[in-house]
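Take a look at this single chain in structure tokens; it is the form predicted alone.
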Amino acid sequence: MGRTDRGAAPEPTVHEADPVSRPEPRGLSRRGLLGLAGAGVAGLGLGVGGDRVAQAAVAAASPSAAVYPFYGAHQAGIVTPAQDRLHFAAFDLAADATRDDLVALLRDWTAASASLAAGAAIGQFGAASGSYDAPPEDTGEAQGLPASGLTLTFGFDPALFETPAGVDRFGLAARRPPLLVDLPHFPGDLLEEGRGGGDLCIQACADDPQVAVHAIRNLSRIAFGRASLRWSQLGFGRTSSTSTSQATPRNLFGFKDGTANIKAEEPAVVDEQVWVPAADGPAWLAGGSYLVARRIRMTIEAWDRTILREQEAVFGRTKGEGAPLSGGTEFTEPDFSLAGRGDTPLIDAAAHVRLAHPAQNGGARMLRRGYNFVDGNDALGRLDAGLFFISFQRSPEQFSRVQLSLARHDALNEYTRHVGSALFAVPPGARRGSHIGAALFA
């Protein structure tokens, strides 16, 4: 199963593709050949909501063969079983871009994303079947590769609605969610220029790094003349599980991460903690979520010289099993009341597991989809490595409440620093024949 030059979808693992007819190639606009998206495969049958368990089983059995529908009530890439690779990208719209340009870009991205998610090349002629006198519609490096569980998730930054200077570029200020404001500067933040912001974001997750990179590369080409890449992050080795079919992975400190993460098989919890309900408003965001992205640099060298007892005390879990220090197995609920010798708590007051626990944060939970990263080394020869934290939640306040507690007291702060931060409103899934965020512009 692999991509074809003419955009014909391979036989999907989960659902049969709907038959579509292809339109004639569009004429070239002032945006140029690189802005030509073409018509993509219309997507796959059902939305993600009713197939979470079945899709999780398919992904676990054969990750490279998994196909997740692009169209649906919710965007894929949230409760979808977390894939192994990430390419996250944020874009700035061109200074002269109009509202019509923005809508056209979202339409083109939607059409291309439906093809990419189905494992097909984008455009009518793909990478090798078009005119020899024009650039190919698809860059071609994913030819012959399956869909690899690719999901593409789109989000809108506060600046899309109103710039920091108060300019309403696209007539959207009145439709800005009240909760969509830049995240606060938390204690200890050392944010670096160019590692946050951007009008739009795309989260590409897949089980093959080339598939994820191919998706962002081609969506960037489609945006040519209308939007440009502001910043991006590659990630590997998911650091959390979003399905009960997945084992708990480890972060670069060697500890299991995301043991208590929200799972797709908990629909009531997902509805309560992840999806924005109509009652929260605005109406166009109902069924969507809020995405928080944080680039967390780990001081690997200092951690590697720390004794095991201290490492476990910092996390509040054993490094091997991942069990809480209060006893049991990985999935045993921590008992923060238990004390050892001298009435010292078995789980320290500054332990990460204690401070991040819902019981310490008014019941707030998040669905995390973070990834490890290693981006070479810095000028001092230290690894530029860490965690690219991603979470989805019904309200940004859920993240801020937990992060404020961690920023003030977490023993892990000695070994980490937060250098990048971003918040995006994630609209609900696109309906067939429409595009991502269509209700915002209705």
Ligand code: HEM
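Heads up: residue numbers just count along the shown sequence, starting at 1. Note that the structure is predicted; figures quoted are calculated from it, not measured.
Another form exists, predicted in complex with protoporphyrin IX containing FE (HEM); not displayed. Remarks below refer to it.
Taking L191, L291 and Y371 as the candidate spot, are all three within 4.5 angstroms of protoporphyrin IX containing FE (HEM) in the predicted complex by heavy atoms?
Zero of three within 4.5 Å in the predicted complex.
From the list P358, P135, P282, P184, which entry has a heavy atom within 4.5 Å of protoporphyrin IX containing FE (HEM) in the predicted complex?
Contact with protoporphyrin IX containing FE (HEM) in the predicted complex is made by P358 alone.
Give me the residue from F315, F154, W109, F88 that has a heavy atom within 4.5 Å of protoporphyrin IX containing FE (HEM) in the predicted complex.
Looking at F315, F154, W109, F88 one by one, just F315 meets the 4.5 Å heavy-atom criterion.
Going by a heavy atom distance of 4.5 Å, is A286 a contact of protoporphyrin IX containing FE (HEM) in the predicted complex?
No, A286 sits far enough from protoporphyrin IX containing FE (HEM) in the predicted complex that none of its heavy atoms falls within 4.5 Å.
Is H352 close enough to protoporphyrin IX containing FE (HEM) in the predicted complex to count, meaning some heavy atom within 4.5 Å?
Judged by the heavy-atom cut-off of 4.5 Å, H352 is in contact with protoporphyrin IX containing FE (HEM) in the predicted complex.
According to a 4.5 angstroms non-hydrogen atom cut-off, is L160 in contact with protoporphyrin IX containing FE (HEM) in the predicted complex?
L160 lies outside the contact set for protoporphyrin IX containing FE (HEM).
Test of understanding: in the predicted complex, would M298 fall inside 4.5 Å of protoporphyrin IX containing FE (HEM) by heavy atoms?
So M298 counts as contacting protoporphyrin IX containing FE (HEM).
Tell me which of 271 to 279, 166 to 174, 253 to 261, 193 to 201 has residues with heavy atoms within 4.5 angstroms of protoporphyrin IX containing FE (HEM) in the predicted complex?
That would be stretch 253 to 261.
Can you name the residues of 396 to 417 that have a heavy atom within 4.5 Å of protoporphyrin IX containing FE (HEM) in the predicted complex?
Contacting residues: F399, V402, Q403, L406, L412, T416.
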